[in-house]
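Next up: a single chain in structure tokens, the form predicted on its own.
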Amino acid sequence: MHVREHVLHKPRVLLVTTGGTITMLRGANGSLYPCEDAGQLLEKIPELKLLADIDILSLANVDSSDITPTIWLTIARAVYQRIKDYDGFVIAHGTDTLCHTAAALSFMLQELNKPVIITGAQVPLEEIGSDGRTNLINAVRVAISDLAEVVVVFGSLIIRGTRAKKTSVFDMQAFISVNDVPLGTIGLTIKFSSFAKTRSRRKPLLRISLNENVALFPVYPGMKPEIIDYIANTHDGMVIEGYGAGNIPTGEKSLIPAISSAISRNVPVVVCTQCIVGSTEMELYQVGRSALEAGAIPAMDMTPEAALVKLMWVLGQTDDMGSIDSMMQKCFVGELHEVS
């Protein structure tokens, strides 16, 4: 794979802005707020114009804490509608929910034949020490490469969209690749992993069926089973972050009857792990096996964010419990390692 940085005809890149720290300014009271004119900020990075002809599309102007599934749909549609017009796409996004958006776009934009890059910043673009300039430049560099999938470009890493997780509010390398090696690294040059998908003649698919009525929550000592009952009554699915390898309390305050009851009412229950690294191995301990026997679906090595978004996406396509189970355990866009 190569990076096409020195070409006679500059590639075309669409920069989609959604708000976030990367395009924020600091107000008189010291707090950060979204800039109304992202294009004005981006003109301060002339290097971008050396790499590509860049158009700017402002789709939202929010703190990423306020990102909703509706905005995921808007971004996915905008990219898909313009897929033939550009050589690559860069989405500027706040870091708090960046990995949720990356996972959502991965499921909605499948069989991509060019790169869709998501990036952000820990420090606003206009401030001393900002990582926004470097992240945006590197995002465009990757957007004009031979890569062809949804990825997060942040710091020195290129991370598959379904594998990214924010692990630091301090470090410039705020995101890591969970349970899989990064798709690439950025140093003096850009180096891609051998298994990164490359440009091809694939025909992109827009798969935007989504049921956002899904809950995600951790188990904790002393948790009341009634919480699961309430969520089963108000949601169409739930992802539970279990302990360790997917363990669920089965003692005095056992959650198993509530999980079993939810599943009997056709509310799927997916169990992932609270640990950053590792996979659910629910047959390992009785406390995990009990949930498995009740009908819970193991998330295997998916991140909680990817499991949440995937369940929304799966429920947007089917309400058959058997199909939900098999789809959740099937790998669509590199989000899990299937058990052979």
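Just so we're clear, the structure is a prediction, and the values are computed from it rather than from any experiment. Note that residue numbering begins at 1 and tracks the sequence as displayed.
If you look for the form predicted together with a small molecule, you will not find it shown, but the lines that follow are about it.
Q: Determine whether any heavy atom of Ile118 comes within 4.5 Å of a heavy atom of the small molecule in the model of the complex, and answer yes or no.
A: Although the small molecule is absent here, Ile118 would stay clear of it in the model of the complex, with no heavy atoms inside 4.5 Å.
Q: Does the 4.5 Å heavy atom contact test between Thr17 and the small molecule in the model of the complex come out positive?
A: No.
Q: Give a yes or no for Gly94: in the model of the complex, does one of its heavy atoms lie within 4.5 Å of a heavy atom belonging to the small molecule?
A: Because a heavy atom of Gly94 falls inside 4.5 Å of the small molecule in the model of the complex, the answer is yes.
Q: So in the model of the complex, does any heavy atom of Asn247 sit within 4.5 Å of the small molecule?
A: Answer no; every heavy atom of Asn247 is more than 4.5 Å from the small molecule in the model of the complex.
Q: Go through 306-314, 293-301, 60-68, 269-277 and give me the stretch that gets within 4.5 Å of the small molecule in the model of the complex, heavy atoms only.
A: Going through the listed ranges, the match is 60-68.
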